[in-house]
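Just the one chain here, laid out as structure tokens, in the form predicted on its own.
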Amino acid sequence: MAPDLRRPFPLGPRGFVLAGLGVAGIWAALYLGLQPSDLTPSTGGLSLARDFFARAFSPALSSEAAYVPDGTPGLLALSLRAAVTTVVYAAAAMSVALVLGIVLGFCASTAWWSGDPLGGRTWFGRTVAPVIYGATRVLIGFMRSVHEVLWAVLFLAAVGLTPLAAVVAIAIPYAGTLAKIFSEMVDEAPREASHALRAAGASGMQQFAFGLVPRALPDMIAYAFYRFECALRSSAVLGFFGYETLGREIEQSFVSTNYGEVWTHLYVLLALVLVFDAWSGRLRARLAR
């Protein structure tokens, strides 16, 4: 057989992908007619941005509104209460998303029915399992292709401003994303343990449950924590629809041009994300031991 005289791409497969992305980015910029001058602010916009960012170093500790009704909680109390509500919405949505993500991730994985070592030579593996796999991949693709903001708009129009609508709006796209990532993590997990279990006579499901899932579990847990941090931000964003999260406090303060209050709420949101990031980091370190 004649030797392959084709010269490999100098930067390797990854470099080829990066070069392709670079070319696509340049083409997109030319197609959209992007110009740096488009970012030049107007006189009024520059003044607003200057006023807004100037308050970053002096956030408000009390309400800046001209009139505050009697009995209204203080600014910090309002912000902390909104932060708690933000966490509650995120936790509820992630609980639903995790359950759906695990179930759909199992159905979207090929490791439990196809290929070595689990085998796909049975009637079920040749006919039923591929149908389940294909239908699940289409379903989770649809779930994650629609942003949680659009799901929120749909549920708000259908059922109104209810807590369940917010939870489901976040849970649907997150479940689709978790299912996709979980299935790929299991499919790409090292197969040595499952090979050993197969040699010992274990069934295909036993190989999946005890040979593949434990190898992928640390990465799955780490990704679930990351998605929870994203859910905190999504929960805050839903406040712009009227839910009592940090997003509502930010929106109301910004509309009133109380920029010191805006930065107070932003710093509370930042502290919230940092606290959960540190907490999840410690848990991941313990699980990795």
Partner chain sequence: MSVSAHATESELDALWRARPRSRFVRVSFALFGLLLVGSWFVGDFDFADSFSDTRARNLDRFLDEVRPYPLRAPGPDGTLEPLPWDWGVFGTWAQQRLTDGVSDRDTPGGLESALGTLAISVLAIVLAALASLVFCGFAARTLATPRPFAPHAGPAPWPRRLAWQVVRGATRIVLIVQRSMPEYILAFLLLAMLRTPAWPAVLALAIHNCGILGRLAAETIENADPRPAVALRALGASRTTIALTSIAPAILPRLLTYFFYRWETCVREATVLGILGLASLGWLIDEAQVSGFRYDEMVFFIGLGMVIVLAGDLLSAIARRIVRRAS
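Numbering follows the first chain given and starts at 1. None of the values given here were measured: they were computed from a predicted structure. Between two forms, the rigid core is defined as the largest C-alpha subset superposing within 1.5 Å.
This next part talks about the form predicted together with its partner chain, which is not shown.
Screening 74-82, 127-135, 100-108, 87-95 for residues having heavy atoms within 4.5 Å of its partner chain in the predicted complex returns a single hit, 87-95.
Though the partner is left out of this view, P214 does not reach within 4.5 Å of its partner chain in the predicted complex, counting heavy atoms only. Of the heavy atoms in E251, some are within 4.5 Å of its partner chain in the predicted complex.
Its partner chain in the predicted complex is not approached by T257, whose heavy atoms all lie more than 4.5 angstroms from it. In the predicted complex, its partner chain lies farther than 4.5 Å from every heavy atom of M185.
Looking at 42-63, the residues that come within 4.5 Å of its partner chain in the predicted complex, counting any heavy atom, are S42, G45, L48, A49, F52, F53.
Once both forms are overlaid on the rigid core, the distance between the two CA positions of Q35 between this form and the one not shown is 2 angstroms or more. After superposing the rigid core, the Cα of L61 is displaced by less than 2 Å between this form and the one not shown. Remark: with the core as the superposition reference, the CA shift of L21 between this form and the one not shown reaches 2 Å or more.
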